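So this first bit is one chain, no partners, the form predicted on its own, shown in structure tokens.
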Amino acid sequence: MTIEQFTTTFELARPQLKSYLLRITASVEDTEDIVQDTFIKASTKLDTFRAESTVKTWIFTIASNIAKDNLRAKKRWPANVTDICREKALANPNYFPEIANIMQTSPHAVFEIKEHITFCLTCISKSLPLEQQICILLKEIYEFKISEIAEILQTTEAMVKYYLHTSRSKMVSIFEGRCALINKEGVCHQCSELNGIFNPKQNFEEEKNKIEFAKKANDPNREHLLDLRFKIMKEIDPFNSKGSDLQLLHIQHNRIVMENYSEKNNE
């Protein structure tokens, strides 16, 4: 494979690679750095590529290894991350003026419920052990095969299946207890709260019911509801969606809050 062929393949994979890395690092800066490091490392080691996997799988393997090295020393986020970050946002006098400025100046600042569902799923997934989070994203969002995920994580297919089963069970349990969209007793009402702030004239119930996930909210099959969340996430590029600038601000805010939260709890 020539460097030109590799560069073409890399550029085709770049959008998915960036969204994948953002969702596991919660950092735009780290994402950009890892993408660049991945390109440099892969392009200088083209002679080691044996075509036993696809180039895309090889690229994701290198990127995942770099990301794992960066994340190993960092604590995973708690399942109630959205509660903690919401409190910090409400206590920050600069947070909502910054949002208002983005909404006035950016064409990518449209709040939609489906974007917040994706954002919430990103944050909640960071409560999983790192390998489980990587597995579930690669399988459910980026449609890698079990064998490819095993190669990316340098583990067995049986272990990947275990990670997927465990991570799905935990995600279902977390959302069952938290999400007010699927459980009226849920503690998290942020979709409706934010919709009231950003779209005060919009009927939240009408907008909610336009989404297949919300229509099926009473489905007793909670695994199916999780799959519908993944379907929404799969359709949204966090860097290039209608509300990407808002969502990127939210995720950067949550990362900073969680870093401070971890430091405080380590004292």
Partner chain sequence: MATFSSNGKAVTTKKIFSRETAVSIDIQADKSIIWALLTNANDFPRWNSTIISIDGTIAQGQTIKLKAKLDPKREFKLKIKEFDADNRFVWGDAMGNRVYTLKSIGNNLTNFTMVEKIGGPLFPLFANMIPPFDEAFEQYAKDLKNEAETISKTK
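Residue numbers count along the first chain shown, from 1. All values reported here derive from a predicted model rather than from experimental measurement.
This protein has a second form, the form predicted together with its partner chain, left out of what is shown; the following refers to that one.
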Review point. Counting only non-hydrogen atoms and a 4.5 angstroms cut-off, does Y162 reach its partner chain in the model of the complex?
Key: yes
Check your understanding: Going by a heavy atom distance of 4.5 Å, is K139 a contact of its partner chain in the model of the complex?
Key -> yes
Review point. Does its partner chain get within 4.5 angstroms of any non-hydrogen atom of A150 in the model of the complex?
Key: no
Practice item. Verify the contact flag for S169: yes if a non-hydrogen atom of it lies within 4.5 Å of a non-hydrogen atom of its partner chain in the model of the complex, no if not. Key: yes
Study note, to complete from the structure: Picking from I197, A158, V187, L90, the single residue whose non-hydrogen atoms come within 4.5 angstroms of its partner chain in the model of the complex is A158
Point to revise | Listed residue (I84, I146, M103, A79) with a non-hydrogen atom within 4.5 angstroms of its partner chain in the model of the complex | key: I146
Study note, to complete from the structure: Counting only non-hydrogen atoms, the one stretch of 67-75, 150-158, 95-103, 117-125 within 4.5 angstroms of its partner chain in the model of the complex is 150-158
